[in-house]
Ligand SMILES: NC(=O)c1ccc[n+]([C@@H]2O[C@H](COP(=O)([O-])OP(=O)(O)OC[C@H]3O[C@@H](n4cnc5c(N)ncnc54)[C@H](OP(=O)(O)O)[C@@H]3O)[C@@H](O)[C@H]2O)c1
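One chain comes next, on its own, written out as structure tokens in the form predicted on its own.
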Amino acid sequence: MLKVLISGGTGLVGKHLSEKLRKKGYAVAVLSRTSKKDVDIPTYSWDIEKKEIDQEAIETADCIIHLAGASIAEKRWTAKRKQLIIDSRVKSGQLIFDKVKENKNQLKVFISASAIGYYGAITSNKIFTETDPPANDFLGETCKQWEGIIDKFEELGIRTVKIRTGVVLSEQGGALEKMTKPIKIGIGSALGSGKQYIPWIHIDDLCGIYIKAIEDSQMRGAYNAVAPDHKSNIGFIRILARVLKKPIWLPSVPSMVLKILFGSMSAIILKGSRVSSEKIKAAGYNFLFPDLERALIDLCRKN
């Protein structure tokens, strides 16, 4: 029985992934601020600032999945918040790397979340692929530093996979809940021009990609975790409203209003380009929810 250690295991993705891994027969443990080992999913303590991890967590892991990191959409991007977003990813990854190196534990695979923010907050006609360079904006620089730590695991001879994740759609919490609320009360509308793309993925497919990364020894490097169905903001809202059997409000919310409300963080709402899923498909992953309407019907039905 392979043992999978997950950082960020109590978050939206971590909870879903833990459940699916256990159903497939994996032993799952998570890193947490407190230790509790006599439960179905044991927790091992770690403290990023003190640079401490329970040694047993590292020594017994066959696979580590690194999901930890402060939310980019939770608060305004002050200078302090931006540094926290970067540090929560880079320092946590560095700590895991240091402990793996110290313990000389030869993991079978190290898999880490990354984000399509690697390509930047930009709206263009380009479809971004894994071979494109990182953008020069805040999101691009964050992902560049984040992946820089991840790449160190390759230097230890450990197979390493980076999952560049789009907007995760889930039946509880996350982006879909925020998008659904205004539509349900009759005030849903497009944001800004509405022409910006929303590279999205159903949470079941995201978990499926992580599981494939564990099981497929040929997977290495970066993979975009986005569905193959490209939808603009207005296209997304129209389909969501149709699934919910609700009208949408016209006109769209002006860009200036969003900039006032969210500051520089508004870039993740007002900008967005298409991102390719061809590499993960070529690796043999078959999407459970390849089109948006099917995904939304499934998720809204669960609520």
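The first residue of the sequence shown is number 1, and the count goes up from there. As the structure is a prediction and not an experimental result, all values here were calculated from the model.
From this point on, the text means the form predicted together with the ligand, which you will not see here.
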{"item": "Sole residue of Tyr223, Tyr118, Phe110, Trp146 within 4.5 Å of the ligand in the predicted complex, by heavy atom", "value": "Trp146"}
{"item": "Selected contact from Cys63, Ala68, Ala57, Val275, since only one has a non-hydrogen atom within 4.5 angstroms of the ligand in the predicted complex", "value": "Ala68"}
{"item": "Heavy atom of Gln94 within 4.5 Å of the ligand in the predicted complex", "value": "no"}
{"item": "Contact flag, Leu292 vs the ligand in the predicted complex, heavy atom cut 4.5 Å", "value": "no"}
{"item": "Contact flag, Ile127 vs the ligand in the predicted complex, heavy atom cut 4.5 Å", "value": "no"}
{"item": "Thr160, heavy atom within 4.5 angstroms of the ligand in the predicted complex", "value": "no"}
{"item": "Interface segment, criterion being heavy atoms within 4.5 Å of the ligand in the predicted complex, picked from 213 to 221, 179 to 187, 150 to 158, 82 to 90", "value": "82 to 90"}
{"item": "Contact check for Arg76, Leu191 and Ile248 against the ligand in the predicted complex, heavy atom at 4.5 Å", "value": "no"}
{"item": "Residues of stretch 163 to 196 in contact with the ligand in the predicted complex (4.5 Å, non-hydrogen atom)", "value": "Thr165, Gly166, Val167, Val168"}
